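Take a look at this single chain, the form predicted alone, given in structure tokens.
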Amino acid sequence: MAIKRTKITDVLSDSTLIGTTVCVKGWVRTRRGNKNVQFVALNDGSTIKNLQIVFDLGKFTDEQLKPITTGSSLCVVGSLVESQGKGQTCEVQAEELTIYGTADPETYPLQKKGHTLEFLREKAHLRPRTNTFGAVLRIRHTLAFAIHKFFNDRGFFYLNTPLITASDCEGAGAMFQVTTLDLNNLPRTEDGKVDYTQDFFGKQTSLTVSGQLEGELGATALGAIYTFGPTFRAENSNTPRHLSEFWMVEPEVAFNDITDNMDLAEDFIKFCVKYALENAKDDIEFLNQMYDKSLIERLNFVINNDFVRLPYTEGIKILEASGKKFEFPVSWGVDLQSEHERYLVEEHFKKPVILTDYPKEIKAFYMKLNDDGKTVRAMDVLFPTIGEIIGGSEREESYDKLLARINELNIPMKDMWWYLDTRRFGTVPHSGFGLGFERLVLFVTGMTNIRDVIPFPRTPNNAEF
């Protein structure tokens, strides 16, 4: 009877398997040896660590082993024994070999040498096989699981909000249109505009920039919800911090005010970072060693420090008094740039910062107006190296105030009637925030470019793979 496969992570962690026969399958990282014995490092993606396979050339011929090159895939059955060599606790003495697929050394791009991250972006279909991207993707999974666990354990309900929408949540207009119209022969109205009544949904629709507005509908029925799904921004931003397609986590809670919202954000982010440190230890240690020697120290810094809570106006005063020359000048009313946010976190407070009470002009229409009439109950969580990692607010629950703001900004009412209805029928104070998932993965992995923490990045002029 065929032996069932054991994952390499289980082989390396279960000492009771020593002395038994195991079946392992994976891809070859390296092969070395002499005329008597050959050593193959095998990896199956379940762990950053490789498993050493020992081929005794008394049992295998050169011809049998010749196809084993970097990138080829194998099935090996053999005895698991304690290793005599340094760097591994156990190894497999091969008895049987099946080669599933070969990899031509002349054309396989991931040979045993250092590759730049830029080069690997061009090989995004293969880069998950490298140590770096295997680690990043396992950490990404760990964080996704932590997010669901955090909210589930606290009684939140996972709400699926639409990806196709007729409303622009942020009011920024940077949305991808969804249409089935023939772009070479567009139907027109009498005044020459595109006739969207003939489109699939009978109106102009786009890919969503946020699930928040629909999330508010869920929160005002279920009490506490969260969304976790893809969102899309058609901004022509070629920076290391922007993607055109990314994942957002958006909790929304009925009866929460801005203070409750800040408490939730701090608890949430600390939980996720702590969970990753405990459950993706090997991968984080690898990235700490290879990419960012201060990574683990920085993760612990977030867990072990209370976040400073600071009004925007006070933050501006601190920046103006800093004597530091910023690329973007600071004055009350400007939207803070990453350099300003990082100064407050890394140099002034040396702690994560939650900045609150922003000028209403630089924030979205749905944020609750403060009594001063100038600022809104917004909050941004600022982190070292990243800058803003979470943005949220207490929402405006007053029908009259929300309607006035919508009119002030000329937001088309035909798209917003349903949102206003929540303020007409049993309105309540409520709050929520959005976390760009890739920003969190960026922080926890220590990577410096957001294109390296999502499997297949979508950016301006790039939709490969």
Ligand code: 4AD
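In this text the structure is predicted, and so the values were computed from the model without any measurement. We number the residues from 1 along the sequence you see.
Just so you know, the form predicted together with the ligand exists too; it's not on screen, but the next bit is about it.
Looking at Lys351, you'd find every heavy atom of it more than 4.5 angstroms from the ligand in the predicted bound form. In the predicted bound form, at least one heavy atom of Tyr366 sits within 4.5 Å of a heavy atom of the ligand. The shortest heavy atom separation between Cys272 and the ligand in the predicted bound form exceeds 4.5 Å. Within 4.5 Å of any heavy atom of the ligand in the predicted bound form lies no heavy atom of Arg138. Look at 436 to 444, 28 to 36, 63 to 71, 412 to 420: in the predicted bound form, residues with non-hydrogen atoms within 4.5 angstroms of the ligand sit in 436 to 444. With the partner removed from view, the residue among Arg121, Arg342, Arg129, Arg241 that has a non-hydrogen atom within 4.5 Å of the ligand in the predicted bound form turns out to be Arg241. Interface residue among Ala146, Leu159, Leu336, Ile390 relative to the ligand in the predicted bound form, by the heavy atom within 4.5 Å criterion: Ile390. Contacts of stretch 255 to 290 with the ligand in the predicted bound form, defined by any heavy atom lying within 4.5 Å, are made by none of its residues.
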